[in-house]
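What follows is a single chain, given as structure tokens, in the form predicted on its own.
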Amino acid sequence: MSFDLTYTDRQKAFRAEVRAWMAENVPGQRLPSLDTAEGFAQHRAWERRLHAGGWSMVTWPRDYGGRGCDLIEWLIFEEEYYRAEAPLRVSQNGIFLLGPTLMEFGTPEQKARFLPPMANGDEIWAQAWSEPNAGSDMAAIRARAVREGDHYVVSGQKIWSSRAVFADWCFGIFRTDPASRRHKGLSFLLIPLSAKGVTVRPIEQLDGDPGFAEIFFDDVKVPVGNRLGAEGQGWSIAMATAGFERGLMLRSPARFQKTAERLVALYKSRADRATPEAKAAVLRAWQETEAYCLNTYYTASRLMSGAAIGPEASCNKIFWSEMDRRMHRAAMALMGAFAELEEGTPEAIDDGRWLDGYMFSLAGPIYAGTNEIQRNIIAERCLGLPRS
């Protein structure tokens, strides 16, 4: 399949409109970390401002708070968003992961109930995937949901839930058939974190911020109407959500192209002390981000022609997560001892942003399904190799 790399007049006009809005609205100063209460509140306010301008989720239908754009326009929007250095999206679990899942599997009532407050920042969502002793092996989950009439009674524990301390709702899969094994007998539930019986316990990161949390469910009553899809269909729906996460929308190429641009600028400012290895790492970073961009445009074109994201999404996830880690390692090497200076330190290069980015890049091969799991998926489902 071929695709046209030339922007149309309509796409050029759309880019100009995005750029003008960002120029007028992006905060002049970086917001505090969204892993803090203050930062989370400010990022939620930013989500509301985006929504008021019609830029919260450009690909969604207008009835649900979107703009009705296609995927190429979404890529253009993302390029302008990162070009303007706009704040990180605190609602990404909702708008990029659960939102598309609701579009595909939700009832009309569920779409009308959940999508608008997700788009305008009134309800922020957290993932409830991982469990103790299960990790990225989602088929090994043990949290249960026992049906009693018109509701489920949910019990169990989830862990490593990003920003669940401040979020309003969580989504996850729970075992609704107690006799089932592995990926059988699971159902996809939407649960308010304010429900009676829910306890959210923060997990401090290395910097002390509560970026993660454990979620405990102690006989929590969840209406059957909060189940997405049929009972027992949870695994296939969760795999669709994971496909959105690994395949296209969670990590747009613009994010990494902006990092590569900053890396090139950093190299130029320190070229007199850079090693040949550092120069090669910067060059590789630029090449890889451009390749990732072209591949994403190709994927978007395929999807717009009716194709679907399959297990090859795992290749995508491995590529962007390892590329991001390499770029930040190259930056740390270029800065030498200055790399250890945190935000707010007068001598810190780029106000310590490289250190923050490096710390986050280390998590890339783990979240959204570890890269080891992704390699197993590629081996079994793409290459047809036997299970180990």
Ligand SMILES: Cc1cc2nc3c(=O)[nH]c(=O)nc-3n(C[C@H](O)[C@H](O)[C@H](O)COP(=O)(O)OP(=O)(O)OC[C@H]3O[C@@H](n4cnc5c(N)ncnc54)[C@H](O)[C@@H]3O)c2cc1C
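Counting begins at 1, following the sequence as shown. These figures come from a predicted structure and were not determined experimentally.
Below, we turn to the form predicted together with the ligand, even though it does not appear here.
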Tell me, out of F212, Y297, W74, F216, which residue has a non-hydrogen atom within 4.5 angstroms of the ligand in the predicted complex. F212
Looking at S301, S162, S252, N316, which is the one with a non-hydrogen atom within 4.5 Å of the ligand in the predicted complex? S162
Exactly one stretch in 284-292, 191-199, 120-128, 262-270 has heavy atoms within 4.5 Å of the ligand in the predicted complex; which is it? 120-128
With the partner left out of view, is N376 within 4.5 angstroms of the ligand in the predicted complex by any non-hydrogen atom? yes
Check whether F14 has any heavy atom within 4.5 Å of a heavy atom of the ligand in the predicted complex, and answer yes or no. no
4.5 Å heavy atom contact, M22 and the ligand in the predicted complex: no
Can A339 be called a contact residue for the ligand in the predicted complex at 4.5 Å between heavy atoms? no
